[in-house]
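Quick setup: the structure tokens below cover two forms of a single protein chain, split into structure 1 and structure 2.
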Structure 1
């Protein structure tokens, strides 16, 4: 068994090496779900290879945080040319590592609800964090964190110490409530059923009926509507605004495929890339696209005022969250 596997692995890598002599290879590290059969990876690979005269290889490396720690550990020996799948909550630690290089300019057709000025990271999709619920069971939907905390609704959230949506939630509450954030968390504590390691566990528990609501995205109902023809899921819209999770990519400073990496980053704003995002990654595209049927049923909130997601801001928000929920 082992022998067969080993020789299969060897053949694959040999094959890859021979192939690579013909065309340059661009290696993009990304998170796991991006490269699966049902994720955006396969379609984007085909589209980019059609124009780049190169071989595009996606390497799945866990989730967003695992991705960053992976390239950080690899340092200059990393085979990665581009890292795709960090988000705005990880941008500052990523920048501080000094392993990413500036991009070639922000695409003109970028159309996000907020302006984009970063010189290193370029967005490729985004979504609003939101609490998703079953609209056949819940009729009185809270319109703010305060209303949610005052209600009897049960929620499942992700741990900000192990998940990026969880971290986004803590940023969200801190941005909206400032010094009162700790109080909101204390009020929310009796609504929280449990705090999971990541989005998958939380969303799975919600679907199993363990809680009335789950921290996810305003685009989550679109998945159920389009892929499962199930219109029973909705996202609660908070009048105080929603946190935007913006997923980004960047070029590594030591890449040996500088031009290809720039080309790929620019390609992220291409229709061929952006058009597959909504129904594969279940997020919003960053350029003006005609959205697939079903997305029109989603309610769109307003974004909260953008704040710099610095380490200090994060530490303060996290420690408030921790002490409020540890009582």
Structure 2
């Protein structure tokens, strides 16, 4: 009898293992904070696996531009089926690489401040870049880049060559100041404590008191208010407007999980995905969602009238930034 029970248990175990192996796997490269315990990754993985009859695997692969560089270098050898975590400032170079395939259609329930017509990239959240500070320590808050540069405040920013917020900042300055952007960067260079590879490192330095302000989002104070009941963090609102970052995802052209990839991209507009964005990724959802208490305290800035983020514009903006900070 004991042997029979053991054999039955063994067969059950093997059957379960074989069933698990038969489930297709969708691999999504994303940025590091997305897959943390406090990020949206775990909840989205559970929700998607409940409807896809598959295994969803998130792979942390660096911030924004670093993420794009990785899939470019890996080419068709990449295990990724989908890349999640690029943004509107990276869409043009990503498209030019020729490694992404068109999606299966734009969800009808998208609700963004701007229209969306792109046939390759689909948005999953958005927010305004801003400098976050401790309002118990700073009372004279700069209301422009010029005012920030003229102050004695220290800031930490992210590298535009590896980080989407960092690249957004470079576009922000260039859009607002045009031919005078190089001069603004020269004036700001004395304020910059350091340039980090990604957002997590920069925000961590700010929280540890290593800088007065950090490049983040107008929604960042909502995290402290909701998760920590701490109202000491605020976003400086600039009269010259703010850069709106839209985070996007796309499927790789070489994927052998085409249907699953399309299913995941469509799922990004589902309530199960969008409802967790505000209190895990601390950004705005791309569909109509009831925002949690605390978001109503945030100041909505004026979006800048951003120029087309062309390669010439990007190259010039990056060159000005690098030149000013290398002096």
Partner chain sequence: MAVRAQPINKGIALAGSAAILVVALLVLAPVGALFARAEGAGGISTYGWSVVRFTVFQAVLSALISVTLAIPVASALARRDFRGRGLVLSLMGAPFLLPSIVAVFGLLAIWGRSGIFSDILASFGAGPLDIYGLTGILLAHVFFNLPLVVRMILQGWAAVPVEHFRLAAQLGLGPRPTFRLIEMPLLRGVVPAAFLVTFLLCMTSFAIVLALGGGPKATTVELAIYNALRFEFDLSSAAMLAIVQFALCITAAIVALNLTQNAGFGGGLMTARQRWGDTRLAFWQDTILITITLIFLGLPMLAILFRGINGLGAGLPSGILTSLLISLGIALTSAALAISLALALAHLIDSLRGKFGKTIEVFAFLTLAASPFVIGTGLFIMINPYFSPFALALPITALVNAAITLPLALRILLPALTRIRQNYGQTADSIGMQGWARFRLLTWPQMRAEIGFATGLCAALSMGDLGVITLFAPPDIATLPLVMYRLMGSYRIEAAAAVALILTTSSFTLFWIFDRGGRLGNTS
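Quick caveat, the model's predicted, so the values are computed rather than measured. Numbering follows the first chain given and starts at 1.
Name the structure that is the form predicted together with its partner chain; the other one isn't. Here the form predicted together with its partner chain corresponds to structure 1.
Selected hinge residue, 212, 56, 257, 244 [rigid parts, motion between structures 1 and 2]: Among the listed options, 244 lies at the hinge between structures 1 and 2.
Please report the angle, in degrees, through which the smaller rigid segment swings against the bigger one between structures 1 and 2. The angle the smaller part turns through between structures 1 and 2 is 16 degrees.
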